[in-house]
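Single chain ahead, by itself, as structure tokens, in the form predicted on its own.
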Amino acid sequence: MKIALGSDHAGYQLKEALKGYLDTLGHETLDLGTHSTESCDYPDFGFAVARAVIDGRAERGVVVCGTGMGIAMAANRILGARAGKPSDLFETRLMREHNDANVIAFGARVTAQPLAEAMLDLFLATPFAGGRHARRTQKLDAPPAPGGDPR
């Protein structure tokens, strides 16, 4: 599977570790930055990873910042991206099964590497359940109505 990765400076080390982990599993990675611990802006990398997934350059995305919150919010600004920031394996499984998440966000300051690797494995292996969940994800992917209200 081809996986796009991106992080800000706070997430750089965990992103690099996850990239190496994905390489050992035989996945192809698309590293969209950052490439150092020099201060930078997380939205740039959240946007880039989400666009890579939406454009078909990658099948899934991984984004990392200090808490995972900001970069997940950035990724979710791209229509069609469904980024989740799970805190455990249960949430990881359900964000794939029920929400068809295509981007996973990690907080480098709050998630240990072994847990991040286990969540990443589950994120990549869990299929979308479809059924009643499909109509809900279709609503997420619909462009907002004038005025910004998606209803």
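Counting begins at 1, following the sequence as shown. Remember, predicted model here, so these are calculated numbers, not experimental data.
Keep in mind that the form predicted in complex with a small molecule is not shown, yet the notes after this line are about it.
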Look at the stretches 21 to 29, 137 to 145, 123 to 131, 8 to 16 and give the one with heavy atoms within 4.5 Å of the small molecule in the predicted bound form. 8 to 16
Taking heavy atoms and a 4.5 Å cut-off, does His98 contact the small molecule in the predicted bound form? no
Looking at the partner-bound form in the predicted bound form, is Val63 within 4.5 Å of the small molecule by any heavy atom? no
Would you classify Arg57 as touching the small molecule in the predicted bound form, given a 4.5 Å non-hydrogen atom cut-off? no
I'd like to know if Phe45 sits close to the small molecule in the predicted bound form, meaning any non-hydrogen atom pair within 4.5 angstroms. no
Since exactly one of Val110, Met69, Leu94, Leu115 fits, which has a heavy atom within 4.5 Å of the small molecule in the predicted bound form? Met69
